[in-house]
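Presented as structure tokens, the chain that follows is alone, the form predicted on its own.
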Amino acid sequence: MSGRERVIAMLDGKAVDCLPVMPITMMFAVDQIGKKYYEYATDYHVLADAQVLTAETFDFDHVSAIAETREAPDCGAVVEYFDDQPPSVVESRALLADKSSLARLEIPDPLAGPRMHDRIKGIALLKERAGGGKVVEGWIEGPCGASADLRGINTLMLDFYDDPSFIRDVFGYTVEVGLRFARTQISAGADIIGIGDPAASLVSRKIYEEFVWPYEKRLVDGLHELGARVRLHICGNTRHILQGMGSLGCDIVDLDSAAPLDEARAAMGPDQVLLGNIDPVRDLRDGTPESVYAAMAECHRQAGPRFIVGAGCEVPRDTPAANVHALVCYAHEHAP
């Protein structure tokens, strides 16, 4: 089977020849082609070169347009770029420092916004170069993470208590931005849309269920209506919200290493496809090929047959190639 056939078959509940492999790579990928991360984050040619080479070298089953937020800068947020590190939203100059400005904020056109359009062109290039054999993955920000980019993470956390109405308004806005962005990515060739919502792990279960979950659900349902498969990734410790994550209807729930796969399986039931989730630093970067293989076997044991191989979060840039090969080797040597 090709990587694309393998992933789609897994998501459709059909037989596969071995476990699919879909780790998140950004800095690790760009290091494979000897470029700076600034180039990866700003030039879709570099992103595509890095993703295709990395996927071919390590025999991954996907290529991905994942990088830091494209939505926030095209909405008007101030973003600081660095030579060889990820860009960062400047929270001290938050776009929505004045909440009343949300009413005047328009939904940006992804084909006019330079950062979003760069990702769209990257997806088209990934589809052209690898889409026949590998799944092409687009990416958008989830409502909590996207709102934190616009409001500031610390201020947003206070808003849950101080102004619940504003939370609902800004979450609604970011969902509409995400769906419009996703539509153009799907048109460009994305098979799967990843949702990154890292800030969602910082809130309590009660706040997640009352505020975050309904807008993540709106986003997931909207993506399915657009014809895409959906991968959800929430960084950090999500043990307290596993049941909610599992009820969103995502095709893939991608878990960070702080959330044990056996707990996720118990909370989400037997049919949810899980992805992950060895510790990216302790197990993958700092381990040996033998220990990586063993850690992946334990993940598989906990997750059961509906499982895709990957790390808990992004593969660290200085991870030994032999360790990444060991992760892939486990997948190739094991069927569900």
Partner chain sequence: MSLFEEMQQAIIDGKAPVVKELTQKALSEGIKPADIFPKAIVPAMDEVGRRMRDCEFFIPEVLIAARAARAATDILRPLLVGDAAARPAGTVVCCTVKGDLHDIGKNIVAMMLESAGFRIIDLGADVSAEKIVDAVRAHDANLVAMSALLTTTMVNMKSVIEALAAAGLREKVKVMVGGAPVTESWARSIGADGYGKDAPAAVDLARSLAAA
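As the structure is a prediction and not an experimental result, all values here were calculated from the model. Numbering follows the first chain given and starts at 1.
The discussion below concerns the form predicted in complex with the partner chain, not included here.
- Of the heavy atoms in H45, none are within 4.5 Å of the partner chain in the predicted bound form.
- Using a 4.5 Å cutoff between non-hydrogen atoms, E128 does not count as a contact of the partner chain in the predicted bound form.
- Within 4.5 Å of some heavy atom of the partner chain in the predicted bound form lies at least one heavy atom of F160.
- None of the heavy atoms of S247 is located within 4.5 Å of the partner chain in the predicted bound form.
- Within 4.5 Å of the partner chain in the predicted bound form, a heavy atom is found for none of Q32, A72 and R115.
- Of the listed positions (L242, L95, V89, A188), a single one reaches within 4.5 angstroms of the partner chain by any non-hydrogen atom in the predicted bound form, namely V89.
- This chain lacks the partner; the member of L226, L202, A77, A124 within 4.5 angstroms of the partner chain in the predicted bound form by a non-hydrogen atom is L202.
- Here the chain stands by itself, but in the predicted bound form one stretch of 258-266, 132-140, 81-89, 177-185, 81-89, has heavy atoms within 4.5 Å of the partner chain.
- Annotation for 173-187: no interface residues with the partner chain in the predicted bound form [heavy atom within 4.5 Å].
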